[in-house]
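This document opens with one chain alone, in structure tokens, the form predicted on its own.
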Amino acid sequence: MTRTMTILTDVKLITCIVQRGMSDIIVKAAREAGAQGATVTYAKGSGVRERLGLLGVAVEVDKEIITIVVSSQQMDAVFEHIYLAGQLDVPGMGFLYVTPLEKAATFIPNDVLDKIKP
């Protein structure tokens, strides 16, 4: 069996850092917008619970970090869905950002490749 690698070059990494317990809502919104999946990790923010975050709002130190790789075409829709579902327009709810990826690789089924190849 010949092994091949499919390189993805037009992809972005969406990262969302939210308070613990929000990841299911974020991942559901991302999938509804077309994302194929997500990775959730758990972390602690720096500082203590009593410290005030930006805008003088108490911020929990337990965090969930959701990372999602999407095509550049999907990025705006997924980003907006996450922002709204996570209520990131509320002070202290979280932070969302996009990082361009130079190159990524994963298994892609042949039927999907056939649809996207020119």
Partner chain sequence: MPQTETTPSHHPPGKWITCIIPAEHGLDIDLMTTLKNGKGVITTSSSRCRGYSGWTVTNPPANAMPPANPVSVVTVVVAEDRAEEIFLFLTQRITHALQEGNAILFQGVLSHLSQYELPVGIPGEGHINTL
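Residue numbers count along the first chain shown, from 1. The structure presented is a predicted model; accordingly, all values stated were derived computationally and were not measured.
Omitted from view is the form predicted in complex with its partner chain, to which the following refers.
Contact between residue 39 and its partner chain in the model of the complex is found at the 4.5 Å heavy atom cutoff. In the model of the complex, its partner chain stays beyond 4.5 Å of every heavy atom belonging to residue 88. Of the heavy atoms in residue 24, some are within 4.5 Å of its partner chain in the model of the complex. In the model of the complex, at least one heavy atom of residue 99 sits within 4.5 Å of its partner chain. Along 13-35, a non-hydrogen atom within 4.5 Å of its partner chain in the model of the complex is carried by 13, 23, 24, 27, 28, 31, 32, in order along the sequence.
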